[in-house]
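One chain is shown next in structure tokens, namely the form predicted on its own.
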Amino acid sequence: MQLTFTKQQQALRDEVAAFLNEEREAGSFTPRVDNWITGFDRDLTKKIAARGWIGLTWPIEYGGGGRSYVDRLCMTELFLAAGAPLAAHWFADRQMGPSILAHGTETQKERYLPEILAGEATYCIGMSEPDAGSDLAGVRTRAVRSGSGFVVTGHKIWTSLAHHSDYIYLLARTDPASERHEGLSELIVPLRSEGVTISPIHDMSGAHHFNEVFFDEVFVEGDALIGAEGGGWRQVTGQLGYERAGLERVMSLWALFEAMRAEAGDDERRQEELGALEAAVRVARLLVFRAAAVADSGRPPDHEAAMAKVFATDIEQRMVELASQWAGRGARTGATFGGHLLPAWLIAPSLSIRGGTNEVLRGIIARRALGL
């Protein structure tokens, strides 16, 4: 694996860095922790789209950049380091577009891909359910054949940014008699459809990021089905490799990390603690780049992504623990570390849950990487 950037990759990074500097100087965004998933800014997304940075890895014949997953990491690393708001396009760029490319019909590609590439369509992901927890095979939401399409009934939860999204990419059970991994399918459901209700979930800080989404006999046409009916489990597990293997798994709290670097000063103990943390961050970064290299080879990075996410999110949680120790009990928490510690502390428990719990991922590593 090449551990240095090519001239082409460095040129891309220089272009992205210049863009981010311009946007920061113009005051178009404020760096925040977790801004890739909570920061929603359609205007910034359209600027990113205009430069061809959405769909960077997609085939040129469908409007994409035709570049590698490693190239995309070279770019997204800078966006994440800047704490830019990316949620208006992140899910569609990272997962939905590639899924449509892999499993969709030509008609579906012509319909859905251009609006993603233009930054005009926002997607949320309909996987988790109240009674399934981290057991994705326990999905109960149903999509039953009816005339020319499907009638969807069910309930999704922890759906990030559903209240801002145009579509939900839904995992549902299309075979009512099926159980576990069988009979699951994926559908694209417009969230403006009759029978869809979105209810906010407020986190401990009072912020509205998560949602519940209810489907009360929602009709969608047959072309909402992506891929083979009943083939949803194979499709979704392939997607999850790309979801888990991004640098967002180790850089969600980068604004806090930068504040810690400034806070360490000449304190030798803090410098030593920060050095150990930074060394671990660099290892996590290499694991993520390794997963991208596997994806470029043509194989979904299943266990490589699991390894990267488990290791990286553990580091992020240690980052918050260390910052909290430095701050001490008497700290003015809201203003500590540039105001980044409190929001980081509030989201830290979720880091090892979202995208698949680390306990589940360790099972994937044991089975697929170690053969246990």
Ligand SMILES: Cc1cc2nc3c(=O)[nH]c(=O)nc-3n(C[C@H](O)[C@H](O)[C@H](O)COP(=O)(O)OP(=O)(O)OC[C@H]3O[C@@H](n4cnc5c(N)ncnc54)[C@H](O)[C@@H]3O)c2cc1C
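When you see a residue number, it is the position in the sequence shown, counting from 1. Note that the structure is predicted; figures quoted are calculated from it, not measured.
Another form exists, predicted together with the ligand; not displayed. Remarks below refer to it.
Within 4.5 Å of any heavy atom of the ligand in the model of the complex lies no heavy atom of Arg72.
In the model of the complex, at least one heavy atom of Thr159 sits within 4.5 Å of a heavy atom of the ligand. Taking the partner from elsewhere, Gly126 is found to have a heavy atom lying within 4.5 Å of the ligand in the model of the complex. For the chain shown alone, Ser350 is a contact residue for the ligand in the model of the complex, at least one non-hydrogen atom being within 4.5 angstroms. Site annotation in the model of the complex: the residue of Trp254, Tyr112, Phe210, Phe289 reaching within 4.5 Å of the ligand with a heavy atom is Phe210. The stretch among 224-232, 118-126, 266-274, 147-155 whose residues place heavy atoms within 4.5 Å of the ligand in the model of the complex is 118-126. Contacts to the ligand in the model of the complex (heavy atom within 4.5 Å) from stretch 342-363: Ser350, Ile353, Arg354, Gly355, Gly356, Thr357, Glu359, Val360.
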